[in-house]
Every structure is written in C-alpha cells, then in structure tokens.
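Single chain ahead, written as structure tokens, the form predicted alone.
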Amino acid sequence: MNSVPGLKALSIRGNLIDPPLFCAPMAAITHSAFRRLLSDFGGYGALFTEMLSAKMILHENVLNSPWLRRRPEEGKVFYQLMVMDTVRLPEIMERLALLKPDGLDLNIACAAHTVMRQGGGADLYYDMVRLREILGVMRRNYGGCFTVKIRLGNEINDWFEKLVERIRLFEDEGVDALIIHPRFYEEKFRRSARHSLYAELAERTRLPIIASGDISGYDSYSGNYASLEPVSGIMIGRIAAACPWIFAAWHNPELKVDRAEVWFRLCDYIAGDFTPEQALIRVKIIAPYFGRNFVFGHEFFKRIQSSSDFETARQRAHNFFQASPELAKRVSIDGI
C-alpha cells in the first residue's frame, strides 16, 4: 500500500497498519471533525481520538456524541482512554464495542494536574496494583488491538528500572504495542525527546514500539534514522495540528496546499459536529498551531483568540487570508 522508507507495515493482533504512521491523541483537537480533515489528505495508517474519560462514555450517546463519533472515511481509529479504576469498566468496554474501534489505548503518559488529580495518566504509572487491575479488566473485555502510551516516568535515580518493570507488566497483561514518548513527565515538551533510548528499550521487550515526540515529518524521521530504526511505527502529534496534510506530504514532499481553503474546510467540519460555542473553543485551540504556517501567524492567532463567537472568528480569518499572508519558510511549533 503506502510504503514508508525504513518502515514496514505493522500487524498488531492481526490488525494491519500500513503505513505505520499514526496521528497522536491531542486534547480538543483529534475529534472526528479534525480526523475527517486528515482523511481528506490521507497518507497515515491510523488515527487516535483525543484522550477520553472512560466514565464519560457511560453518559454519551456513543453513535452521535461529537467526542465518540467516527466516520468511515477516517479509516482506522484507536480510542484513547483515561481510566482511573475498574468500576463499571466492563460496561464501558461493552459500549465502546458499538463503535468497532480498531484499537484501544490506555493513557499513562499525561502529566496534567487535572488528569493526575483524578488518578489518571502519570498518577496511574506509579500505582502498580491499580495499573495491573485496569490492564487486566481491559484485556479480558476487549479482544482487539490494545496499546499503552507512556513516558519515561519521573527523572529519578531508578527511572529506567521502573520503566522496564512496567514494560514487563504490559507484556504479562496482554498489551499488544507500546507508544513511548521519551521525555520525563516533568519536562512536558521541554528538551529534546531521547530517541537514542529506543534501541535499548527495543532489546528489553518483545512488543513493537511506536515512537512519539519531536518527529515532524519525513525529513526529521530520515535525519534521525539511526535512532528511530529500532521502532515499528511513528506517531506524529502537534505538527499535524499545524499541517493537517503532514502525512500526505510524507509521501509527496511537493504537495501544494491552499491553507485558507483548508482552514475554512476545518471550520465547516467542526461546525457540523459541535454547537457554535463548542466550535469556537475548538478553533481557538487549534489556531496557534495553524498560525505557524505564516510569517505573521501570531496575528492570525490573536484574531481568532479574541473572537466572541464562531462567525466572528470565521470573518476575521477571512480578512486575514484576503491579505495574502506570507508563508513561513519552516513550520515550527516550538513554544506552544
């Protein structure tokens, strides 16, 4: 299908991902409307939802909820969950089954205080008893592809031993693949991702590893191939919010894109799924990323961010594009 130099098609529990390129889960961004835009360009193997509170699923209409919805054109979709405990977890798995997910992912990577206070993300990483229980219940109640997304833990003396201990746990509890973002929790997106660790981590596990962090397209992948060679897949995150065509450009570096048309298409897709108030929040969240396409992208961001309603945001974006803004020579998401 869509070959990627250095990467072979990845089969996870019989689910073929080809090419093994994934769009990372991003809060308030990787909803179905955004994934629909990505699907217009193609080039990926699978997409992820934004991180979803498992308990929220109990109260949503799984077929109509803008947070849970998936469209056939999106292709393969993995649902990422924030799980705090096993209360009603089998029921949650049963409801998710209606959506026919191509995979489920347990988030053990998020270090946001709001998530950790609830017992999810990084907080779960350090509670081995609770982590084992959750993994066991999820595996017993879901027969499809099961992944976990992790970081390196906290930067303490025995961080590597603790990481290997958890990898062993994942293997024991039937996890099928690991998504590893090689930064410590406290670093957030500061410092560079430690891609050089993948070789040693790959030697410590029989599970395929999907690399995440500081990979912004084919050039950054090929330029760091020596460190990324041991991995089985690549996950691209925030740069996709700036350049939704990033996966297509991986295969076609000469791809030409009308950025104004892409922005308004995304606005239309978001407006179709969310109320005007919800839609405004979502375009405000993605605006700083998309603005990085332009030399004066901060002006685009400011116009959207200060809009009081969705239609005003659309009109201000229209005025910005009418001035034929100069494109940035290189799109960088540093500092966001």
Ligand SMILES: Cc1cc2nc3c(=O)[nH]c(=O)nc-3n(C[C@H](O)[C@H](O)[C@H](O)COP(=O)(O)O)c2cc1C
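The first residue of the shown sequence is 1; numbering continues from there. As the structure is a prediction and not an experimental result, all values here were calculated from the model.
Note that the form predicted in complex with the ligand isn't included here; everything after this is about it.
J.: Taking Leu37, Tyr269 and Ala287 as the candidate spot, are all three within 4.5 angstroms of the ligand in the predicted complex by heavy atoms?
T.: The answer is no: none of the three residues contacts the partner (heavy atom, 4.5 Å cut-off).
J.: Taking the ligand as it sits in the predicted complex, is Pro25 near enough to touch it, meaning that at least one heavy atom pair lies within 4.5 angstroms?
T.: Contact with the ligand, yes.
J.: Is there a non-hydrogen atom of Ile29 within 4.5 angstroms of a non-hydrogen atom of the ligand in the predicted complex?
T.: Ile29: yes, in contact with the ligand in the predicted complex.
J.: Is Asp214 one of the residues lying within 4.5 Å of the ligand in the predicted complex, judged by heavy atom distances?
T.: Within the cut-off, so yes.
J.: Taking the shortest heavy atom distance, is Thr147 within 4.5 Å of the ligand in the predicted complex?
T.: Output for Thr147 is no: heavy atoms all beyond 4.5 Å of the ligand.
J.: So the ligand isn't shown here. In the predicted complex, which residue out of Ile236, Ile167, Ala122, Leu104 has a non-hydrogen atom within 4.5 Å of it?
T.: Looking at the other structure, the residue within range turns out to be Ile236.
J.: Considering Ile304, Met51, Ala46, Ala33, which brings a non-hydrogen atom within 4.5 Å of the ligand in the predicted complex?
T.: It is Met51 that has a heavy atom within 4.5 Å of the partner.
J.: Using a 4.5 Å heavy atom cut-off, indicate which stretch of 87-95, 155-163, 223-231, 237-245 touches the ligand in the predicted complex.
T.: Single hit among the candidates: 237-245.
J.: May I ask you to list the residues of 172-189 that have any heavy atom within 4.5 angstroms of the ligand in the predicted complex, in sequence order?
T.: Sequence-ordered list: His181, Phe189.
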